[in-house]
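One chain comes next, on its own, written as structure tokens: the form predicted on its own.
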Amino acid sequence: MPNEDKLKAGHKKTEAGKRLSKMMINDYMRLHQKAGEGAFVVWIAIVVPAELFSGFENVVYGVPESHAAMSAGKGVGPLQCEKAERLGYSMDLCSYARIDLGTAFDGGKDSPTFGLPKPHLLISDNNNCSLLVKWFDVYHRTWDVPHFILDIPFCYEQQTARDLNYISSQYRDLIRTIETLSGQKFNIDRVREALEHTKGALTNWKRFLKTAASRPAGLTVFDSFVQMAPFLTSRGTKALAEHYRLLADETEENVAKGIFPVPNEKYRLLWDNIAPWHQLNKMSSRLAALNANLIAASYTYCMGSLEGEFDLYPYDGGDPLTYLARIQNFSICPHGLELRYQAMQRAIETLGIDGVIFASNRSCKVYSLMQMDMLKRVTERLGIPSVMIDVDHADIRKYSEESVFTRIEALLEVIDAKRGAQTPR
């Protein structure tokens, strides 16, 4: 049993956490600085391959979804949502969209990053979130900014060669569009270099996530939620690769020393959906008090993997556009039921999951749509106790902490009952 000093050490802010804070501040400061110096600014959805922009001398990008998540985590999500609602946007819209619209149309006021610099080009996609196209179209109409939409086929099975070619052809169209609008020439060798950094980053990301397999786990899912942030703002950079290397090193070292975030871990849980950004500290603390540890999430274990997979799919050094097209559907949202279940089953079996929390997200319909079917499969086919809770990833007004924990505690009781039934008498 870890001693009291180790228990306390396991809950201190890590060096990786301190580096992360500096990195995120630098990313947003650099974005604003470069934009002020005349860089060509694009706003992108989270799954648009940011490595492409490395092929240009002076193109920078902002990620409205990432900024919205940070705003929610910093406690200003409801304030920005209300600004959008006063403009006539429905409270039923995604809270990311409302936060971003409220921020953008108020000039970045109350934003933890002063908002994002105004874009010269908007790039959305219809595979990860169909709302994004409509959301970005608001800026297209209001500001008269060009809007490039990536049309990505939904994947009910592994990606076909026809779909791969279709996606990569759109990347070539996007490159020509940026060349025309920015006056800059594209250099694909710079993209190859960026992808080598991404390869290193994702290799170490998977190494970090694998510390969840130890007992107790070397991380909590809240660590992975927070640490995924620079993958969105620093994708394709040497700084990201180095940060994730140090993150994996530090986490593995803590496991070797017997330092764990939940030392008396009794319940190993998996989370399905986007992080509840406004609840990270509260939920982490309450779960730890119950000796329960959320150790994995479909939201983060999909990074670096193909659809329906759990392990890393690394860059092989070949054609960058082909590789980026192959991983365009790495996130969970565009996966059919079979692919989602396949990846979750692998995570459950690899990490020794005792129970699954399906977070039905009022803001993200596409993520939440299949959850009842997934819950049924996990409980009936795998025999893993599961529960459905109601959340909103960025709007705390649509969240009831006590109701959620009543259901989570009931899940833990079911896990106990299952263990008792399996104990030889």
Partner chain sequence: MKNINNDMKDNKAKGRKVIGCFPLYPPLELFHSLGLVPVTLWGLKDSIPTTGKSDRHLQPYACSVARHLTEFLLSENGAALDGLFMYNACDTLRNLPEIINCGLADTGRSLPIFKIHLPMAPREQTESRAYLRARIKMLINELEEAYQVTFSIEKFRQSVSLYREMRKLCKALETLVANGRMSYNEFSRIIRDGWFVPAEDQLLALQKILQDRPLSKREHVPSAVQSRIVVSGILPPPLHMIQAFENAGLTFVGNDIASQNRALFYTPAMVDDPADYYVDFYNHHYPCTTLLYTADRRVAAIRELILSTRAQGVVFIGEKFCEFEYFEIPHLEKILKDMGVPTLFLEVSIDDNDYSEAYVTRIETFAELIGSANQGGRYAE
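Positions refer to the first chain, counted from 1. Owing to the predicted nature of the structure, the values given are computational and were not obtained by experimental measurement.
Keep in mind that the form predicted together with the partner chain is not shown, yet the notes after this line are about it.
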| property | result |
| --- | --- |
| Non-hydrogen atom contact residue 333 with the partner chain in the predicted bound form at 4.5 angstroms | yes |
| Proximity of residue 373 to the partner chain in the predicted bound form, heavy atoms at 4.5 Å | yes |
| Contact test in the predicted bound form: residue 349 vs the partner chain, heavy atoms, 4.5 Å | no |
| Interface membership of residue 231, the partner chain in the predicted bound form, 4.5 Å heavy atom rule | no |
| Candidate stretches 187-195, 142-150, 248-256, 200-208, one within 4.5 Å of the partner chain in the predicted bound form by heavy atom | 142-150 |
| Whether 89, 134 and 360 all lie within 4.5 angstroms of the partner chain in the predicted bound form by heavy atom | yes |
| Residue (of 319, 311, 106, 338) lying close to the partner chain in the predicted bound form, criterion heavy atoms within 4.5 Å | 338 |
| Listed residue that, although the partner chain is not shown, lies within 4.5 Å of it in the predicted bound form (heavy atoms), from 101, 327, 302, 292 | 101 |
| Sequence-ordered residues of 110-139 touching the partner chain in the predicted bound form, heavy atom within 4.5 Å | 126, 127, 128, 129, 130, 131, 133, 134, 135, 137, 138 |
